[in-house]
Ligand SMILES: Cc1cc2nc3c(=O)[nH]c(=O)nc-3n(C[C@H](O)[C@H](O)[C@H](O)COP(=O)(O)OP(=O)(O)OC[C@H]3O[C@@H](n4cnc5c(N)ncnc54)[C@H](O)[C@@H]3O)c2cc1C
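What follows is one chain in structure tokens, specifically the form predicted on its own.
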């Protein structure tokens, strides 16, 4: 089992890993990328927008509990990240609003990912697919590469000045979801590639990496309950983005969250409710303006209610609020209670009091029949908790609670890196891109110090 050495070994070939490896190769460095799936790209192949908050102030507003230094690095590095994409000949369309507060660019992510891989190979560097990583190579606390297993079972020892963990998070592992997110998270849907199973988390923690933040949460969306997500085209088609203009009730018939804060946050709130399921109620106005309309500029609108119905979801059209009292018993919801709560909400929305929970953004009544009802459940795209890093993508040591010591030679980016978000979200591709490029910059800067500072 012979050893070889590169400037940067990248474990994981998604947005962060491919960006880092391509940048190092473009700058003349030596790099090797190892991906355990048959094809590179990961969950980034299902995404289409590179976006984040337009300013640091806005990012801090929507994500007050995230690491402020990582937040600043994301905002400062975003424009350079977009220019890097364009420098490879990949189109970034003009900026558009995203999620009401963000701003970003529609990108052909498949074109970008494939271009990165081609650049790496064209520069004479290796990309190994269907290859797993058995263990990191360490010596006196210094990470010096990894031992990998090729598709034929052959072990390959790869020494590296820097090793980047970019395996995409742990959302693909039900046990890790239950441990680090919520006991009910073991059973939620996965709207991501199934191969991000915590490999980076396990490797990093074995090397002494810090993990956090506590109760960081995850990014996901409400999806129709009980509908399988094996078909990746359903990840976007069936996502119930319109929930922020509807009302969401749990199995007791009560509202429990301000739906207008955003579907991605409502998803985390629903995970805490009994059975992690709820009824999403909209009226004809919401159907007209949101359910069947475009969610993001440049993306054609589709009637999501009809898509849910054709997919076999539990859904119904009620001609009046009185029909809610006849809700089938097997659904497990008190229909009469939900009817009354909708009427109470409509009364407060018309000026008679304040709804509880409140409605920060869209407080208009839902009083235009018919009413569109879909049973919703949370589905996860990627995790927020991960290996804690600094702004240069260097992994922090668990033994140093103040975060002043790094693990020499070890980097993390993408969903393997934690700390940026805590129960908030401002883009997934953008942090993967920015901190992937930061990892490349660190690797191109020379060897780490033995002290890891």
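Just so we're clear, the structure is a prediction, and the values are computed from it rather than from any experiment. Residue numbers count along the first chain shown, from 1.
One more form of this protein should be noted, the form predicted together with this ligand, which is absent from this view; the next part is about it.
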(Q) If contact means a heavy atom within 4.5 Å, which one of 379-387, 247-255, 178-186, 154-162 is the stretch that engages this ligand in the model of the complex? (A) 379-387
Q. From the list 26, 424, 37, 397, which entry has a heavy atom within 4.5 Å of this ligand in the model of the complex?
A. 37
Q) this ligand isn't shown here, but in the model of the complex which of 336, 236, 150, 347 has a heavy atom within 4.5 Å of it? A) 236
Q. Is residue 9 a contact residue for this ligand in the model of the complex, using a 4.5 Å heavy atom cut-off?
A. no
Q.
Can you tell me if residue 138 lies within 4.5 angstroms of this ligand in the model of the complex, counting non-hydrogen atoms only?
A. no
**Q.** Interface membership of residue 374, this ligand in the model of the complex, 4.5 Å heavy atom rule
**A.** no
Q: Answer for residue 44 alone: is it within 4.5 Å of this ligand in the model of the complex, judged on heavy atom distances?
A: yes
Q) Along 49-73, which positions have a non-hydrogen atom within 4.5 Å of this ligand in the model of the complex? A) 49, 51
